[in-house]
Each structure stands twice: as structure tokens, then as C-alpha cells.
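A single chain comes next, written as C-alpha cells; it is the form predicted alone.
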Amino acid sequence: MMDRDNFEKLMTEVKDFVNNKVRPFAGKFEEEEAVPLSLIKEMAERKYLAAPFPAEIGGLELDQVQYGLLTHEIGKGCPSVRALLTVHTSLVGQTLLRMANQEQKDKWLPLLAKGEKIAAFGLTEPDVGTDAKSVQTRYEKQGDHFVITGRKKWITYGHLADVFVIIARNEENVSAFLVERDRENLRTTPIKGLLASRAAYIAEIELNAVRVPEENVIGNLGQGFSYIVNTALDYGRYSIAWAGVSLAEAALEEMVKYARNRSQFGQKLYKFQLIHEMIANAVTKVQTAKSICLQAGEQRNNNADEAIMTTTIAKYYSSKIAMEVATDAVQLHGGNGCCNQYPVERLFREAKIFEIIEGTSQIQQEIISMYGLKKYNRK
């Protein structure tokens, strides 16, 4: 955990970085369909890519609340930039910190911390999304190697990554493997025509009998879903929970800015009562979602039994309010809200993604309802 004074100093630095080098160029990143490599390099030099990692491997040693607040600030600037933290740092980095063996940690974590290697998480497939237990990518043992064949789709930073965590199955055994990009018969193809996340190097990965050594197995064979996937998705949901708050807050800021500057019927928009209602609702939703994320972060710091469920609730609620606030932001902008000259058009499209990734809202509702049926059952 970073002490309070140093964390406040860090967050001042992060805000300056976002306001000067991220937020003004978010639209350009989307047009060019790429977060610049120079920006990623600078994030690595600032240790943002290793924010929750231990200092001995180049990290900032942020606790879960602090890490959430950092990702929140970066997410306000550009969701595609923040997405790198979700996949590289949370889904892969934090999962390796918890689940990899010492040799794997010693080899990969310093490289990930420095940004010398970028990582992505290969779970979703063309015909398999939320039903992660049903992955169709296969592996088989051949001597001292494993051979992996299959396709992964919608992989964030997949077209840029140097190493992937690939989830594959052999009969009923689901396992996780570290697979380097330079392995023979591995190919990535960028996915175009996306609703959002256009700058996040989203790709399809093809593995055609890719050979990886035994030492690339993460954890034990057969534990890929119950341990690796569930651990990674928990980290991912926490990151996306904060992402929802960051997008909703960015949309709220745009609402307030526009309402204060736009005049209709001889007065500023913010003078109208129904505009008051929209802004009041947005403020309430943002503050509530942020409070749930802070609660989840505190529980995660304390290894509380409720941490995973609170994280699930936070992901569900923040993705929901991100869509609602972004929708109201477009409405408040009127016709201008439908034009990419205003950030709310992009924020509206980006918000929808959060209701789908890291478990759809419908799946989160199922999980939360089962929890509620047990916890609130009066006998």
C-alpha cells in the first residue's frame, strides 16, 4: 500500500497526464484505431502498468482502492487506454501474481511491469462467450510439449500483445497456458467495424497446432476454469466496475459543461428544471456507483468473504449507470449529441460495451439474485 501523501502526489500526476496526453486525443485514437505505442511506453515508464505490483518487480504497490482510483482517472480520459490496465495489469498481471509459479513470476512479471511485453487474456471464442466452461480451443500432450488448436475472438489488445493467457480444454479438463506471440502457427487478425473500443487493438487469435512447453502451464492441468479463469474474471470485473464509474463521470462532466454553455429560449440550459433532474440523477448514480466500488476495494484489501459478490454488484451497477448517464448526456446535447464532434457520442457507444464484457449484465443479475435468495431469506 502506498502511503497517503505519496498517493495524493501520484494522483495529481495521473490527472495531469490524462488531461494533457489522453483526454484531448481520445477521439483521434479512435479514428486511428490505435492507442499510440509512445503513450503505452510512457505509461510503463510512469509504472502505471505495474500499479498494483510489488516494488521489487517494478510496481507502485497500490492497494485495491488506490488501484481502482488510478484506473478510474485514466478511464475518464479514454476507455481504450484504460482497457490496457484491465487486460495487461488486472486479467493477466494480477492473476500471475496470485496463481503462477515462482519461475513464471520471475520471468514474466518484470517484463510486464516495464511494458517490455504486453499481455492479453484469451478466453472468449467465436461461439463461446459468457459460457466460459465450454471453450472449444483444444490442447493435447505430445512428449514434453502441449499442442493447442483453436480460435479466440474479441481479445482486447490481442493484436498488440506479446504474450497471451490462453484457456483451452482436453475432454473435461480446462487448463491455462502462457503462449508467446512468436510461437509458430499463431496469428492475430484485427477486428474492424466495432461499436466501441476501436483503439484497443481488439483481435481474433488463431492457434493452429501451436506447441508450448510444459513450463508454460499456469497452475495445474484441469484447474484452468475453477482457479485461473475465475480469478482473472474477478480482477477484470473489479477493473470494469471502476471503468463504468469513470465513463459515467466523464459523461456527467460533459453534461454540466454543455448545460452551462448552451442557451435555448433565451437562457442557459442549466436553468431548466428538467435539466436539473437529469443532472441530479446523474450525480446520484455516479456517487452511488463510486461508493460501491470503494466498498469492494476495501473488502478486497481485507480479503473479506463478501469481496467477490460486492465486486460483482459493483460491476453490474456501474455498467448499468454508465449506459444511463451516457444516454442522458446525449439527450441533453440534443442533435449535437449524435455528432462525433462532441465526446458524448463516443461515450454513449463505449458505455454499452461495459454491459457485455467480463460477464454480461444478465449473468451478473443471475449471480446476484442467487446470492440475494440466500442472504435475505427470512426463515
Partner chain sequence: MSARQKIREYINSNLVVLDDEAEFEDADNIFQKGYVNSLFAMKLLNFVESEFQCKVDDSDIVISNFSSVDNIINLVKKKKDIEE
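Numbering follows the first chain given and starts at 1. Bear in mind the structure is a predicted one, so any value in this text is a computation, not a measurement.
Keep in mind that the form predicted in complex with its partner chain is missing from the display, and what follows is about it.
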item: One residue of 208, 301, 230, 287 in contact with its partner chain, assessed in the predicted bound form (non-hydrogen atom, 4.5 angstroms); value: 230
item: Position in contact with its partner chain when the complex is considered in the predicted bound form, options 223, 197, 94, 295, heavy atoms within 4.5 Å; value: 223
item: Any non-hydrogen atom of residue 4 within 4.5 angstroms of its partner chain in the predicted bound form; value: no
item: 4.5 Å heavy atom contact, residue 101 to its partner chain in the predicted bound form; value: yes
item: Contact flag, residue 308 vs its partner chain in the predicted bound form, heavy atom cut 4.5 Å; value: yes
item: Exercise: residue 11 in contact with its partner chain in the predicted bound form, heavy atom 4.5 Å; value: no
item: Which of 110-118, 287-295, 155-163, 230-238 lines the interface with its partner chain in the predicted bound form (heavy atom within 4.5 Å); value: 230-238
item: Residues from 341-375 in contact with its partner chain (non-hydrogen atom within 4.5 Å) in the predicted bound form; value: 367, 370, 373, 374
